[in-house]
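Here's a solo chain for you in structure tokens, the form predicted alone.
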Amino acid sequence: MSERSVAQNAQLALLLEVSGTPKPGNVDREREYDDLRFEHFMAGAVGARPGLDRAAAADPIGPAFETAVEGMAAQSGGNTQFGALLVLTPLAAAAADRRLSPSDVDAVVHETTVDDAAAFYRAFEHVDVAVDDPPDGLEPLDVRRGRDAIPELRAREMTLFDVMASSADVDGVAAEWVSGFERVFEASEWLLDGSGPVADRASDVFIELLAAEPDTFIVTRQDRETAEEVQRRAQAVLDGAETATDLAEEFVERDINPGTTADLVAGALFVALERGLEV
């Protein structure tokens, strides 16, 4: 077992995730965008630490997440790790007693409250997050309303788990919340079974996850057709028909960012670190 604390492993997972390269379309240690750079992600991981500490100390999930996002946003690049923190916060809470399993984290998310949901909505006031318009009937619960949506949350008695469940069919992170973090735990096994530098393993796992399902952040920012193209081409990398480096150069040029896949890699790195992945 690592001598690092739960919060240290969560912070390290954020740092290792952005260090992996190539991660086609995402910022990594060799590629960045003009307005979103590697250094912003490093600073975001440092700023998020107080919220991760709160989660690991068994503070309520929503306020811990809001604290993490507020700290993450204290750099000039904007939103670097909102989704990754939404993955890591319940995982860190579940790992607080050093027992981390799908059933542990499933229990944590099912125990969330309306107050946790309110804190989640307030977190959107700290940073701009790319989201789709809400489904019909859920306009009063548009996350872009921030705290203005809280009265409606309370009227409907929606917990944070309920909020996640309402978007699980269109958001890959929300889908993890309702599935016991199925893909995160599976990817953590791939990391543990791999060899070589951990950041390189993270890059490999990123490609495997990208090939398995369309990235919902690409669906939101571009469209499903683009997300399915990216999925096919990630599979082509696994098949040896394309290279991840070529894809990385092209996707940055086209502003195609598989952000949800990166969020899942961060979660998988944390689970693997908690389960003995050596760094």
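Values in this document were obtained by computation on a predicted structure and should not be read as measured data. From 1 onward, residues are counted along the sequence shown.
Although not depicted, the form predicted together with another copy of the chain is the subject of the following passage.
- The shortest heavy atom separation between residue 40 and another copy of the chain in the predicted bound form is within 4.5 Å.
- For residue 76, a non-hydrogen atom is located within 4.5 Å of another copy of the chain in the predicted bound form, even though that partner is not displayed.
- Shown alone here, residue 11 lies within 4.5 Å of another copy of the chain in the predicted bound form, counting heavy atoms only.
- The closest non-hydrogen atom of residue 59 lies beyond 4.5 Å of another copy of the chain in the predicted bound form.
- Note that among 209 to 217, 229 to 237, 242 to 250, 46 to 54, the stretch whose heavy atoms approach another copy of the chain to within 4.5 Å in the predicted bound form is 46 to 54.
- The single contact residue among 199, 138, 114, 165, judged by any heavy atom lying within 4.5 Å of another copy of the chain in the predicted bound form, is 199.
- Taking a 4.5 Å heavy atom cutoff to another copy of the chain in the predicted bound form, the contacting residues in 260 to 279 are 278, 279.
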